[in-house]
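Take a look at this one chain, the form predicted alone, written out in structure tokens.
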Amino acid sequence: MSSSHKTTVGDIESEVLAFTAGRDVELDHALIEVDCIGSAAHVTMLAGMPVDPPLFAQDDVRNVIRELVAIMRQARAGSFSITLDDQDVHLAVERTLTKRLGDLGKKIHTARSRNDQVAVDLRLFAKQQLAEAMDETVRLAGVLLTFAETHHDVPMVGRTHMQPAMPSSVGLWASSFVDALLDDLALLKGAYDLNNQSPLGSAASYGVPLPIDRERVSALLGFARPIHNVLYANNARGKTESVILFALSQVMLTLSRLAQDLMLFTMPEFGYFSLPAEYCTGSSIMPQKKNPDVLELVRAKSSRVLAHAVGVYDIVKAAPSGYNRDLQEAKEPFMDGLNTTRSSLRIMSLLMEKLVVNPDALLKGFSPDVFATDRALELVGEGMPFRDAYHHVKAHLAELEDMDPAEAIAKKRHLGATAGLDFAQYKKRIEAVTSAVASDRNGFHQAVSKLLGVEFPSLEK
């Protein structure tokens, strides 16, 4: 038998309420803090609006912010609830403030909609999550760089089409992923900068007939700027999440290829590297098994994050201007994409720190034909036309029996080759990203601490 629920925004039939609320009651717990931060900035701005009488006195603002901080602390203790009747975090916070502060709580929704509330919540959430993801990407790049520098002169067969091709090194192989992650960091920083704009003031997409100060709200929240056009501030939701997810998918692509290489090169038939036993799993039937499940899952999760990116893109690609409830379905894949990428980065850093190199197995991988191209180019250096050298070596592969892998990789001294790797520039690039992320994070923390009147993120007085 159906029944209706009395909510802040009217009576709603039970099944309709459950269907439309979806997983927001659960997912929105991750947004409680940022919703409170957004509300603190909004109330602070409303108090300064040039209207008579003022909407909020300064004591009112302090009281509201005090209760918002109390809600944040409750959330950290796991004691703040979002009910189905609330529908989402926004109305749960409003309900709580109204219960504690009476009419003051009823005023906080002035000049804003849940549409731009969730937009700012997701941007504040992404701002913090992307900073952490960049830190974790930097950490993995640093681990790989240390690994590459430590083993820079260990010969390793380079492959094309998965077949032996030319002399290479462990240093070249590992640092190639450092380069890839640095490119990925550029994409993450671009997504971060795109996200770092305040949508508040859009309201239901068309602004409000009150003298709100959108620039002040943006500054209070530590954003770089407000999104200028109020309709686009709303239309950008979903688009921004898909951009972030596509950037994350590139990180996952790098991790997937690294995972695939490790699965290949740790097979007994290769034995180039050994995985730490504690990062492998066993079999329920085969006592001897040490399975690379972590790597297999990273490979699968790369597809998952890309699917999330495409899924969110597909949700918004045909949406008409203005808010549409379809956007609610973008929240879960967005949050999952961030979480999946971050957990994959952390586990790969831990695994790479304990990866063991087996030099003897790496040397056994060399056969005379691996040196064919190097020998052909040596003949070119002695004056023979390249195509003649190519055919000569092809007809005389037996002449390559005594080639030395270590000597071969030591000869390639040009930029980025086995003996031309510039580890110092890698370190400088990593340090630059670390510094930029720390600066942005500190700026955000200082802005929020000033807004709340307590230290953030600790919430200590």
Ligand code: ARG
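Here the structure is a predicted model, which means the values were calculated and not measured. Start at 1 with the first residue shown and count on from there.
We do not show the form predicted in complex with this ligand, though everything after this point is about it.
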Just to confirm, Glu136 within 4.5 Å of this ligand in the predicted bound form by heavy atoms?
no
Indicate whether Arg225 is a 4.5 Å heavy atom neighbour of this ligand in the predicted bound form.
no
According to a 4.5 angstroms non-hydrogen atom cut-off, is Asp24 in contact with this ligand in the predicted bound form?
yes
So, in the predicted bound form, is Arg325 in contact with this ligand at a 4.5 angstroms heavy atom limit?
yes
Listed residue (Lys127, His151, Arg114, Lys301) with a non-hydrogen atom within 4.5 angstroms of this ligand in the predicted bound form
Arg114
Pick from 186 to 194, 88 to 96, 72 to 80, 346 to 354: which stretch has non-hydrogen atoms within 4.5 Å of this ligand in the predicted bound form?
88 to 96
Going by this ligand in the predicted bound form, which residues of 228 to 258 come within 4.5 Å of it through any heavy atom?
Arg237
